[in-house]
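The chain below stands alone and is given as structure tokens, in the form predicted alone.
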């Protein structure tokens, strides 16, 4: 590494670090990025940044991001298009003003809700939200309800409990397993309890089994937990029978709680010590007890259930739902540059046998809606700015590309192509749901906006506009809650409920 050069003095306005931060502008840079850019040791960069911060010339933002003080407030920058500008344009161009949704929406309450607690899927919305949507849109018994991004089945569970015919598609196989088990209300508690007892008895006779292919497995779990988990896994019956699937789901539920990891919402290492909490066997017994308690409680409402739910392990972009077969659709798609679901659920995929190599994970990521861990080969056709799904993207994508180039070091130099593909991925889903809905049928989407490379992306408004491009009319866009950007904690984002309607006179 080169010597860091002269220290930052009060008159050192030309110091290379200050110049580098100025070049990165509103998107800023991390210590590592600045060290690479200036060929300096990170410790020298840290000391210089601390001095700049003390002098009031720089500040630290979320995720270790540094910017010059002049870039503290994005809205003050001449080259920044703020959320309010897009809201105003949306009202002018699409004739819709943003409203307010005051009901519950986040998935968090599902953790303590019967049936929904069987597998903690931290993304998506709450059971209360689905119930409120079914009521608000007058979904009657016998109607067909579709969720194209079904996740762990929150929509399907509540639709079936309301007497509707529930259908969904989902690519993440652990979530498909969860949705199938959670909607299998006819399952009796006693066979599940006996099956769990059999698993424990078999596990006691087994030696510790082979570890999943994930390289970090030994870091993720204590040695004792690994031995216990491999025995439990190898004692599970084959997948396919309803009781066997319930047992596998209970095992999948205990993986993260038995590890050194947490998922809130992204997978990462927590501060849990090896001796903290119950052992995997006790966690498995607790999961089974909760499941059987819920199954017994469900029997009281058997007469109100709809027919068996249908959950297909399928790509929503190519699902091909029959025309006019759906009365109401509700979902929460991945957010632009949001969660890498493969990364977040790789432990579940590996331990449950749905992925047996890193190649399997790569293939699944290629098939999902675009995120920023997408292989570069999947973004090549979207690097150009032609044929974007919406005219607003013709303005937004160049800003992302220019900001990334200005920064010089960013996690993806094709970030604009990822955003391009994200909206290109959503358009066929919208078109497929449009065809599937009956005239007058509605499609409700919970979706948020984003701040990417110092560029604001109104994801909710763009999804609504994409809906009009395939034939929908926009019934409403209601802000459900406020969020904070991971890049800049001071920058406020939103999560909205977008309601689209297939016009009654549509062909």
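Numbering follows the first chain given and starts at 1. Just so you know, these numbers come straight off a predicted model, no measurement behind them.
Omitted from view is the form predicted in complex with a small molecule, to which the following refers.
Here the marked residues 125, 147 and 314 all reach the small molecule in the model of the complex, each with a heavy atom within 4.5 angstroms. Across the options 204 to 212, 159 to 167, 284 to 292, 326 to 334, residues that bring heavy atoms within 4.5 Å of the small molecule in the model of the complex belong to 326 to 334. This chain lacks the partner; the member of 115, 255, 133, 172 within 4.5 angstroms of the small molecule in the model of the complex by a non-hydrogen atom is 172. Among the residues 245, 368, 390, 228, the one placing a heavy atom within 4.5 Å of the small molecule in the model of the complex is 368. At the 4.5 Å threshold, heavy atoms of residue 341 reach the small molecule in the model of the complex. Contact check for residue 151: a heavy atom falls within 4.5 Å of the small molecule in the model of the complex. Although the partner is absent here, residue 305 is not a contact residue: none of its heavy atoms lies within 4.5 angstroms of the small molecule in the model of the complex.
The closest heavy atom approach of residue 86 to the small molecule in the model of the complex falls outside 4.5 Å.
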